[in-house]
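Next up: a single chain in structure tokens, the form predicted alone.
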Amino acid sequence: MSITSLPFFVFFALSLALYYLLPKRCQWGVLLGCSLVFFGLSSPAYTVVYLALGVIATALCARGIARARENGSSGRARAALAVGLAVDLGLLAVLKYTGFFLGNVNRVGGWTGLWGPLPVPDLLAPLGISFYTLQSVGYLLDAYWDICPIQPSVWKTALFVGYYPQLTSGPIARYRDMHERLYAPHGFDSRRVAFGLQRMLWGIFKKLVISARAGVVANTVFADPAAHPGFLVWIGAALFTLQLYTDFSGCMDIVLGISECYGIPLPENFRTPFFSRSVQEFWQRWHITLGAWLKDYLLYPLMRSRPFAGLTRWLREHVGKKAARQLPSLLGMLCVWLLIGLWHGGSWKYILGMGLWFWGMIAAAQVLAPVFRKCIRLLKIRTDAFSWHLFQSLRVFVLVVVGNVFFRADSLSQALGFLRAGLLPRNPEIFFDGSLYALGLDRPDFLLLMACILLLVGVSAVQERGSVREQIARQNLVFRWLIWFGLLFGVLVLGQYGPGYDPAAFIYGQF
């Protein structure tokens, strides 16, 4: 069941009515029941077994950690943690990466002739497994480090792990931030519900009006890049990047708006990423909860580990203090970025094309920072000028577009072929001869897409200064209603656009 479908809106309205009409002590139970229904309607029924195994293991192992801590047994606490991590991460690895692993084993066997092809099972992972697994792992690690309370109830743990708005595409929340919000009673607040519905409406507009149209052009170009060389390739790649952003951030707006209606704030996952001035800043503004999770639970523990401490000491003694500061950090980031690539999917196009590409851009920026600063001084560039900030943001956008070619392509070789098609020939005449209107959108719809992108940029600029909804709420009644009814009209008239377009298919839903 898609969160942009009519059945979902009916489901959400009924759940909201039950949530506020039933006694407040029942509210968390209503959310748990709704989560089970949503999961059952959105994923094959048997996959609930995988979710249940993860929930039970997480709840029991967290309780085991608490008991071991009370008894002063660090060994038992480590054992409980190890079991919980093994179950949660094992389920993720088996269900999501078995095909990738066996495919590479078969490829090596074919190259060497040492063994024949192994059968590759067709395993179907449950909805949102990559998101809720990281959430469960974070809870277990926080419990082990004694920085969050332990939830004794398996059913309440199930609500934390499988809270239905997050199942589609996150965000990845922390139990220490969520436990009071999820289980506490919430009275009806008309302003809060109105704000939640407004955010949902903006997310639906981004998904069904902007992302849908951008996807039509991107799909046309990526289907046959050889027939769309030069600038046409880059237009397709740029519009795919905007499709991905409006699809994912639109989903987050809907999800956060839904949860806001229940009185349960979720962590923000985007903060106007295309205003970033470096690739590193871009990833601090894009999929914020994934980046924060990887820093807290992978990068920082890795940097504090015994091997990295030994490497730092050796570098300090034999190479110098600068290398001792920089090289372990770059190596730690490499591990993180390779894992980010793998998290996105079992394919080398993600691991090398996304993980290695973005790590390389961030590493190059850090290593060459003194050279860049010297060039800026020599060229007497005013770094506080708008023109310089615009150049930096455009530079980041281009680098992100290149990385997203690997995200969108079907394979690593196809991505490289796509980039080759973009190098030659140069064809600036496409901007004047009508070629842009042969990419799946006619002239009116293409111009409408451009207008919507400008609207998106304007709203993002306002977001940089604070909440857009708060600023609209301070306006006169007629102006407020013109904005929200205009947005609703845009969704109803312009939404769900394109031949063969499926509004149920969120790009990040596959993760």
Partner chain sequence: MSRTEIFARLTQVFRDVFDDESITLSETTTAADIEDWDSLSHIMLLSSVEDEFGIKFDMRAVQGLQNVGAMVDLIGSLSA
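Because the structure is predicted, anything quoted here is derived from the model rather than measured. Positions refer to the first chain, counted from 1.
One more form of this protein, predicted in complex with the partner chain, exists but is not displayed; see below.
J.: Exactly one residue in 414, 392, 73, 280 has a non-hydrogen atom within 4.5 Å of the partner chain in the model of the complex; which is it?
T.: Of 414, 392, 73, 280, the residue with a heavy atom within 4.5 Å of the partner chain in the model of the complex is 280.
J.: Of the options 107, 377, 313, 191, which one has a non-hydrogen atom that comes within 4.5 Å of the partner chain in the model of the complex?
T.: Selected option: 313.
J.: If contact means any heavy atom within 4.5 Å, which of 315 to 323, 349 to 357, 193 to 201, 232 to 240 contacts the partner chain in the model of the complex?
T.: Result for this chain: 315 to 323.
J.: If we define contact as a non-hydrogen atom of the residue within 4.5 angstroms of the partner, is residue 410 a contact of the partner chain in the model of the complex?
T.: Answer no; every heavy atom of residue 410 is more than 4.5 Å from the partner chain in the model of the complex.
J.: If you check in the model of the complex, is residue 186 within 4.5 Å of the partner chain, heavy atoms only?
T.: No.
J.: In the model of the complex, is there a heavy atom of the partner chain that lies within 4.5 Å of any heavy atom of residue 304, even though the partner is absent here?
T.: Flag for residue 304 set to yes.
J.: Evaluate residue 89 for contact with the partner chain in the model of the complex, applying a 4.5 angstroms cut-off between non-hydrogen atoms, and reply yes or no.
T.: It does not: once the partner chain is placed as it appears in the model of the complex, residue 89 has no heavy atom within 4.5 Å of it.
J.: Along 134 to 154, which positions have a non-hydrogen atom within 4.5 Å of the partner chain in the model of the complex?
T.: In sequence order, 145, 146, 147 come within 4.5 Å of the partner.
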